[in-house]
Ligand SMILES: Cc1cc2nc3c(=O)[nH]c(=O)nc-3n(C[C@H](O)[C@H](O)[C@H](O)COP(=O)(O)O)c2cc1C
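Next comes just one chain, in structure tokens: the form predicted alone.
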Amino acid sequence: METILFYFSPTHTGQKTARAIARGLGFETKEVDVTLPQQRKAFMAAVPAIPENAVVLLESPVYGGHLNGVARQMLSQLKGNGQPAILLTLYGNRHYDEANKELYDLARTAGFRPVACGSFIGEHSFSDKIATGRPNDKDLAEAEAFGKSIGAKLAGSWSELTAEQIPFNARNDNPSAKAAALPKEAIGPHVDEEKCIGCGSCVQACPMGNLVLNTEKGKAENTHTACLRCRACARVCPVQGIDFVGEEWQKVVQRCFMGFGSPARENVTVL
């Protein structure tokens, strides 16, 4: 048997957790990363066929209580034929809300049989003060143990999960959702041209191709086209020359911190 990981992971929380689950499974592993624009272009040009003996892991970050739209678009291209699927969502300490149910429906529509579902915590993309440093060592150990349990289930006569078993929360009253209603220019990455050294790290890390390198200035530039507010750009900048600093953005971050900055939530797994 082999494991195929499909993930959209701008800040690598989903990637780390998916890899830990795969370690626990113990099968030969193949990764299909659809985070960056060039990776998605290659994926769409040749959507991989799923071997009959594969177990697939489908991962998406949770944005505003739902699957990320880009991840949903990519994963919906897959075609299964009854292979077992592991459903994995990553959320920033607020709630997974409807994301697991959406991923379950997507997997079944694609022809997979969901065998396990996990919602794990990752550091919130808006602020490193919410779920700081997660997934941490404890989270990754839990993910690996989860993988071992899935492997044991698959070794026997297993049954797929029912819709009623999928962790679900119909509420969607979260402070971070207010960010989506603000103008793109109001909350987007701001390049500090005095600090920016034109290395292009942020340009390469942006999952939406929102950032470009202005060759005349030798500086990164925000095009205000399609920003997810994942802050992958800020996390990779070696000189702290780019971040989200607008007044409206700071209000959103403060609402998030007050609403769900603590206590630390636990990971949820279902077999």
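Don't overthink the numbering: it's just position in the shown sequence, from 1. The shown structure was predicted, so the numbers you read here are calculated from the model rather than taken from an experiment.
The discussion below concerns the form predicted in complex with the ligand, not included here.
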Note: the ligand not shown here; in the predicted bound form, the stretch from 125-133, 110-118, 74-82, 150-158 having heavy atoms within 4.5 Å of it is 125-133
Just checking whether residue 230 would be counted as a contact of the ligand in the predicted bound form - the rule being heavy atoms within 4.5 angstroms. yes
How about residue 12: is it within 4.5 Å of the ligand in the predicted bound form, going by heavy atoms? yes
Applying a 4.5 Å heavy atom distance criterion, does residue 95 contact the ligand in the predicted bound form? yes
Does the 4.5 Å heavy atom contact test between residue 103 and the ligand in the predicted bound form come out positive? no
Members of 57-80 lying within 4.5 angstroms of the ligand, judged by heavy atom, in the predicted bound form: 59, 61, 62, 63, 64, 65
